[in-house]
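Form predicted on its own, single chain, as structure tokens, below.
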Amino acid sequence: MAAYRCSLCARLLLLLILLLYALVHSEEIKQGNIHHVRGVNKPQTPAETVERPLEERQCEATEVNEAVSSDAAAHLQDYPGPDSVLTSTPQLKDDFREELVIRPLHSGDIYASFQFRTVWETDFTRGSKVSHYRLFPKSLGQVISKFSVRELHISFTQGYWRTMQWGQPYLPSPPGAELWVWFQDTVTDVDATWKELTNVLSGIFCASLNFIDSTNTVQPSASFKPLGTANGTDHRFLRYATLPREIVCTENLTPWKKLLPCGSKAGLAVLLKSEKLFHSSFHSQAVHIRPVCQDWHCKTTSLELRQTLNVVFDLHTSGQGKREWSLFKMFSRTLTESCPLASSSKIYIDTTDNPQEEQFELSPATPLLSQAVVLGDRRTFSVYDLTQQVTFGTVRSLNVLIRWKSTEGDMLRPLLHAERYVAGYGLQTGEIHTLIYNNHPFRSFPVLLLDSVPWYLRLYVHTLTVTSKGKDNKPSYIHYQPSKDRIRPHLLEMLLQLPPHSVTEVTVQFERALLKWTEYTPDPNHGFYVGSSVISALVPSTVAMSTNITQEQPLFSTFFPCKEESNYFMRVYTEPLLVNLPTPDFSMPYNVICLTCTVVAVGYGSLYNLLTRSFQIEEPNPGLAKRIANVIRKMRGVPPL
């Protein structure tokens, strides 16, 4: 009992000593923190700050940052003073610009191109962690940081761009969905990262990008170069895929608009009304992320997010019947203000073919004019600056009206144009024809042709022929990667020289493969889509293509970099192909089920009826005379007959 009491007293004494030590230690820490904070808040004259050594000031700032709690440091950074010893963290600068380009087409249609650019002075390639987002969308920033993305280009397109009727678009894109990504060289497993990235993007844009797998993904070797400031061209970190059957709908437009700093509440984005955008001949929305230079010396880089939306309104499907366009007729809305977060908000009307207002008339008129080199041609634009209140007038509403005066005028033929089709008969073999047009009268230029063909179309590469003006045109570079059944598609890249004013035809034969019955689509008789061919070229130009990416030029003229003064870069997409494959009669299972059920019902039913039925002998009924006699005999008490 005494030993128990002694042990209990020892425990109580030890606990009391520990409690006193903790109280003394916490008091010392509190006094030290107060001393440091007072030293920080104590003002210093500029002379004292200069006299103190730089190393001493840096050391003191480090000690203060370590001692003061995070809340106190954040409070002090909110009220920085000129003589404060604390070194405040530099704020990341970002800038947002928005533009709308309207180009009247000679066919009577009208082409509208929206450009939204967000530039953020940060560099994810260095592994920096960013937790504060202002203008740049956080969802895309986290994706770039997590998957080590260097460049990302994604587009969703409904319809086909008619080059011979509309000319060249500012930013081309193929029908369906297109995605190509450059990863950083720190990625170890590119295929696994690519698969995870497509699944995440599928959720962000509400699209079917999760159907992108190894069977429709290729690794181009020359056709797709980085569009940003990256120097490395190791194509092991490049992936390209298309979904030509992807349908673009409102569910894809809504998340795209939410990436904008002002959403669809202010600025040019208020015109993006889905009922009007999807009631058009052509609609394409895209997101491009790439690193760009902050200045001319390019010592530091920024991250550029460019959201583009291109739409072509048809004269006849709009139901108006006359060549007169306005913002309200195109989008059912007018503009009342610019985005408050935008440093620049402008509308450009292409008036190159209308110098004296002979073709059409603009209302309200604007004195601002701008010239820019677009697709090798110097264009003139009338500019409406939405950041100026004078633009909206007294009614505080802007409704640009384009009223046509004359229908005369011819459109210049595009210098580069391509088309593709499938030839042959039957469901066993076929032939793919690709026609590339060089409409330049006296200059030839090289082009890069990329073809990605699914594995179920087995190409016969020995049948590949290239002809120009009836003569063989031998490619100077060929890269071919054969397909593997249910693993990867065919990849064919060629460098061709197009003679002036010629048509170059590329043909290759193929054989249709037999699919498993589970590999067919729900509507197999509709056919199977083959993605568009991609043609990249440096097309001759008569004017110099500037490489300035600063804010002196409109956004729509500064996307593709070009260093040659006599050429400009152009990318052309052909039509997607629709190929029929040998398709089994999927109604046969239904017929077999019906026939089997009928046989079982008739055969087994009859046998079961014979085995389970009980038979009884039934006596024949007596005649009428006999029944009368039996009644009489019964009355007489005599036994019946």
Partner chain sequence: MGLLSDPNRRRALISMLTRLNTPICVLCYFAGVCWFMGLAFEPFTLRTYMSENAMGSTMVEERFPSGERALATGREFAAHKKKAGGMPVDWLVKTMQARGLEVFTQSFSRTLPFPDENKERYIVKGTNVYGILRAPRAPRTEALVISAPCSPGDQNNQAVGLLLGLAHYFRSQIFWAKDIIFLVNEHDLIGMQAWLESYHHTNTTGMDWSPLQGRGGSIQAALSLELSSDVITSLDIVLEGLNGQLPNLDLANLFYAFCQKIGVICTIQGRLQRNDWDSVLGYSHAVQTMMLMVMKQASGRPWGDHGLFLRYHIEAASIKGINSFRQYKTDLTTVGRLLEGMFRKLNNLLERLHQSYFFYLMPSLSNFVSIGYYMPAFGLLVVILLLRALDLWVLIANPPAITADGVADLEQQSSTGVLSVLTPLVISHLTGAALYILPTHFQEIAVEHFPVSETEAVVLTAIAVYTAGLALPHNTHRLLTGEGTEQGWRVLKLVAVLYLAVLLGCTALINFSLGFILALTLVPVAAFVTPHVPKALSAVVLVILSPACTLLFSVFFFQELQEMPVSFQEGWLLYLSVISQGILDHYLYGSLVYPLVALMIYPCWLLFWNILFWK
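Not measured: the values here are computed from a predicted model. If you superpose the two forms and keep the largest set of C-alpha atoms that fall within 1.5 Å, you have the rigid core. Residue numbers count along the first chain shown, from 1.
One more form of this protein should be noted, the form predicted together with the partner chain, which is absent from this view; the next part is about it.
None of the heavy atoms of residue 361 is located within 4.5 Å of the partner chain in the predicted complex. Proximity of residue 474 to the partner chain in the predicted complex: non-hydrogen atoms within 4.5 Å are absent; the residue sits far from the partner. Proximity of residue 445 to the partner chain in the predicted complex falls outside the 4.5 Å heavy atom cutoff.
Contact annotation for residue 428: none of its heavy atoms lies within 4.5 Å of the partner chain in the predicted complex. Stretch-level contact analysis of 278-286, 462-470, 197-205, 326-334 against the partner chain in the predicted complex, using heavy atoms and a 4.5 Å limit, identifies 278-286. Think of it this way: in the predicted complex, the partner chain has a heavy atom of just one of 106, 162, 501, 225 within 4.5 Å, and the residue is 162. Of the listed positions (93, 526, 486, 378), a single one reaches within 4.5 angstroms of the partner chain by any non-hydrogen atom in the predicted complex, namely 526. Within 4.5 angstroms of the partner chain in the predicted complex, the stretch 413-432 places a non-hydrogen atom from each of 419, 421, 423, 424, 425, taken in sequence order.
A displacement of 2 angstroms or greater separates the C-alpha positions of residue 602 between this form and the one not shown, with the rigid core held in common.
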